[in-house]
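A single chain comes next, written as structure tokens; it is the form predicted on its own.
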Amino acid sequence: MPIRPILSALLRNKTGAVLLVLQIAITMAVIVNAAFIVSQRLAKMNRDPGFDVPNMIAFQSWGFGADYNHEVAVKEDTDYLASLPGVLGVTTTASLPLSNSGSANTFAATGEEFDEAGADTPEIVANTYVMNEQVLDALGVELVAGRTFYPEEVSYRTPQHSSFAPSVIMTRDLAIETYGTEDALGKTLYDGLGNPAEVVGIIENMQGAWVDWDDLTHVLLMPGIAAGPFLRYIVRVEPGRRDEVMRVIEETLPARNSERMIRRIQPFTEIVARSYRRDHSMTILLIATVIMLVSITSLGIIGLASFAVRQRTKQIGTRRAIGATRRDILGYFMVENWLVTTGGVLLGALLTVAVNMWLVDAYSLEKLDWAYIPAGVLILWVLGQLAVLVPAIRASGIAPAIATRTV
């Protein structure tokens, strides 16, 4: 079909076409960048945490009574929880992974404070957790080398505790960051004060506290029990028994010791969901924005095509009278819309890149994957053709007699 007559017709009625081109361009810039951000947020929220989130329970214990004995309370509570049917492991901890709250410390592969040049020895920052000998069972992490903590390595810490643990377990990512290609097992790790600890275990993966942290998988586990009177418990249960065990804990544990309070018993999934709440809300907002813009753009295409059909009723009837087929009329409007859409997506591609550059500069977002641009072009092409289809079919149904009725 000749393109030139269609372009001439568009130029004679260019206001509507120009507005639609701008609308398509803006729509493409927004939906492509929104789709990219949504994909990044979904990938972030769906990262493997490395531990058994669906089958874990967390709660707080707070000693307040005059006769509260922290060591006795922890021992009794841990033994009781471990004895409950369906429980796989129990550990105490001062903070929870993926809670957006925790502790991070600096470590080094050598005990030297300065090298010969006088520069600081390279230090590694890791999210640290103090847990007991049941830590691997309580988290459900995968041990790829070494062992868990021995019971005799687990000591009660004081509020002013500053000495390093005798042994540590680290994630594979932290081991690679600290020791490179060398086998980390059996190596010595030094804390910020130069205190040494032996690396006794390597776990495949575990995410730390802060979901937006670049070093989220730099996690170090140390043996010990946090100083009271406040601490947290993590309980891991057999699949399908989480709610059952939670009810038992709620009903029985508080009554076992009147000198301490048990509070905030919750599935670990709720803790993780709260940490990702902002990402989840942004994802929903962006998806809603994309749906709204696509709907408005589709209505704009339908409206312009319907207006063109009404304005050209006589012209269409005349073309039908001199031999144009229904297919010719249908093709005319489809090609016309394709030209408008193409102008919009070409302008939209430039606008998409410009918007992404601004987002990268203003909000430190990632650079747009170029594959999203042709995907956006294709989607809007298809959308444009589908939106104009109904008005085009209606135009192709105009009878040749209309040419004489409208004289």
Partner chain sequence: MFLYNLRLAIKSIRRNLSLSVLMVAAIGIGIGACMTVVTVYYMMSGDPIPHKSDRLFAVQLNNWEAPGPFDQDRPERLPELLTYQDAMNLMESDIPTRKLAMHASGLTLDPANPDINPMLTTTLFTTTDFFAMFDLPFQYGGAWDESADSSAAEVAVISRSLNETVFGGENSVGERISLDNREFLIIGVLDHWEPVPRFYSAHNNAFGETDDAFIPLSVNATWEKQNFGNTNCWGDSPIDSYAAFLGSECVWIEYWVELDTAAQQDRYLSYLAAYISEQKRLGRFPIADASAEIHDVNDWLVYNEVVNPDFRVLLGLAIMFLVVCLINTVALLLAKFSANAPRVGLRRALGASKATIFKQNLVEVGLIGLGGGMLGLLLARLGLQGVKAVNLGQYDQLVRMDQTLVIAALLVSVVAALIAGLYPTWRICQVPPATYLKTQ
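All figures in this text were calculated on a predicted structure; none of them were measured in a lab. Numbering follows the first chain given and starts at 1.
Omitted from view is the form predicted in complex with its partner chain, to which the following refers.
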Item to complete: Using a 4.5 Å heavy atom cut-off, state whether Leu304 contacts its partner chain in the model of the complex.
Response: yes
Worksheet item: Is the gap between Gly300 and its partner chain in the model of the complex 4.5 Å or less for some heavy atom pair?
Response: yes
Worksheet entry | Residue contact check: Val38 to its partner chain in the model of the complex, 4.5 Å heavy atom | no
Worksheet item: Would Arg263 sit within 4.5 Å of its partner chain in the model of the complex, counting heavy atoms only?
Response: yes
Worksheet item: Which of Leu386, Ala399, Ile393, Leu22 has a heavy atom within 4.5 Å of its partner chain in the model of the complex?
Response: Leu22
Discussion item. Just to confirm, with a 4.5 Å cut-off on non-hydrogen atoms, which of Leu285, Val248, Ala321, Ala82 contacts its partner chain in the model of the complex?
Written reply: Leu285
Worksheet item: Just one stretch in 170 to 178, 273 to 281, 83 to 91, 326 to 334 has heavy atoms within 4.5 Å of its partner chain in the model of the complex, so which one is it?
Response: 273 to 281
Worksheet item: Is every one of Val141, Arg242 and Thr252 within 4.5 Å of its partner chain in the model of the complex, counting heavy atoms?
Response: no
